[in-house]
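A lone chain, given as structure tokens: the form predicted alone.
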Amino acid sequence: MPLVKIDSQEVEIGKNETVFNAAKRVGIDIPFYCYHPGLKIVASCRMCLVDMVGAPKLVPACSTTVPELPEAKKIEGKFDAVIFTDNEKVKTARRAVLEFLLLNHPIDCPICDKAGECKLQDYSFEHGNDASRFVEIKRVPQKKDLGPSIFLYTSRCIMCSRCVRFTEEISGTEELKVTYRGWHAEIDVAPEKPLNNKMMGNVVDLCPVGCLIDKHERFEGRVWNFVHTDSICPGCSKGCNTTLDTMKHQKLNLEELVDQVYRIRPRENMTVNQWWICDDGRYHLETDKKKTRIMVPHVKQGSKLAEVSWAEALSVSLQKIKAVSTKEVALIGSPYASNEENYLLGKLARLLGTGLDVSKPIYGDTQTFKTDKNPYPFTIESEKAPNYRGAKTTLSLTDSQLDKTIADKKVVIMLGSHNVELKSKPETLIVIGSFEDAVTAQADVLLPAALFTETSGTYTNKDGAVQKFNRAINALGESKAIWQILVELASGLGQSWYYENVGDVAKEMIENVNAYKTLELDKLYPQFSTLNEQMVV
């Protein structure tokens, strides 16, 4: 294996490994714009130029590999290459590249949504000149509307072509092109073909400057005010890893802006979603905003549901449950609830001796994005729920037999309804859910549940991967995490449960569910949010 000296560090480099990756392995950051590990290397931006001893000119680190030299030709007696990433030749080249990129750039950072996470801004500060020599009038091409979700601010573009390569190599939809050449080169959509596919939001993440802007996020917040929370997309059974961006709690008259998620971005996980998410997941919360959220407990009074306190709603629920035999009660888990929530529901059902089942998820279309250039096809799964496999595992069920389970029951408690069709309504239907729908309209008691952004837990995806998601914002209205509601119901039914936080539930679940006994608790739950989720029963 070739031995390379990068600056002062010695590193063995793989046969086809690039200098860029070898440097990264030993902690040397080389600036770049056009490079992305999921896209074809084009080495066009020239920002990653490094000085390789013996080479006639600077070479791009992102595309340069190092062959093993014969013993007689090794440099300093043992190296196959000696590379400098930060000497004066390299620094001069970087300054020149940045000066070129800024020739026509509007430098409108104060109004650019990318400011604060812009590579042009960062590298200009770290590697650029402290003044511009350009005194001519700048070229100002017009902003373009590329499709339903994306604006292109043409004047900010540095022609890295990441967005074009994404539509060619990953989505395979080929809407984006480079038109014209040289000074006049611009990104544009193909004639009669707007940027409109279910992966299009990824081009905004790929853009290293503020050229591509998501219409859903434009002018919504400054990135330095954001807090980033690791999460899992609940849109389908794929379980894509995501990051939720929310507003910091701070004394800047921004308190009214907290407790909402401003954007959802992909988080790299090579075994699940690589670097991408689909737009169904990216705009999942936009879809939720069109639904009516259940903010407070309700109890049916006459023919209508009326708002009541938590104490009254729980009291009515307990009265209904205690008024019948436990054999006449059924508890129904949910493919949309976490493993921990379904586990507690199953535990309560077994302790009381009630019926137990799980509702089926909603199914939709499957869509796979695959091209000859993409070794990792991306599939949007047809099962539109994040945790059907996990719910069945924690409840020890093989499949849903909902209608059969509730057919002879007088009291049914459901975790979420999600428009499940009930062929017959029980005497008392208690729904623990987040949104109004056809089943909540039939409910006798409604208990408002927190969304996945408002609580913590784990989902098990279609391949059996157990992945954690963390609370990003406080629960809206009087909503509570489902596991907390179940603990309160269990307490009213004579069960002495005590969990300080959802991590305690997870620990017990791992001990008692055979399929999860091999999970490593410390790795799975190192950063569970517990604020406002602690409770004593």
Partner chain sequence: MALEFSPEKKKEVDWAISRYPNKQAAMLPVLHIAQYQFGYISNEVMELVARTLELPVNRVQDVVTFYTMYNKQPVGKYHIQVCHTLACGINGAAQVVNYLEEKCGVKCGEGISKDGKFSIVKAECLGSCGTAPMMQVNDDYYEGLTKAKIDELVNKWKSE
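Keep in mind the model is a prediction, meaning the values are calculated, not measured. Positions refer to the first chain, counted from 1.
Another form, the form predicted together with its partner chain, is not on view; read the next lines as being about it.
Worksheet entry | Output flag, 168, 180 and 190 jointly within 4.5 Å of its partner chain in the model of the complex, heavy atom basis | All three within 4.5 Å in the model of the complex.
Worksheet item: residue 312: heavy atom within 4.5 Å of its partner chain in the model of the complex?
Response: Flag for residue 312 set to no.
Practice prompt. Although its partner chain is absent from this view, report whether residue 164 comes within 4.5 Å of it in the model of the complex, heavy atoms only.
Written response: Heavy-atom contact with its partner chain at 4.5 Å: present for residue 164.
Worksheet item: For residue 175, is any heavy atom within 4.5 Å of its partner chain in the model of the complex, or not?
Response: Yes - in the model of the complex, heavy atoms of residue 175 and its partner chain come within 4.5 Å of each other.
Practice prompt. Among 448 to 456, 190 to 198, 423 to 431, 303 to 311, mark the stretch whose residues have heavy atoms within 4.5 Å of its partner chain in the model of the complex.
Written response: So the stretch in question is 190 to 198.
Worksheet item: Hey, which residues along 51 to 69 are within 4.5 angstroms of its partner chain in the model of the complex, non-hydrogen atoms only?
Response: If the 4.5 Å heavy-atom criterion is applied to its partner chain in the model of the complex, 51 to 69 yields nothing.
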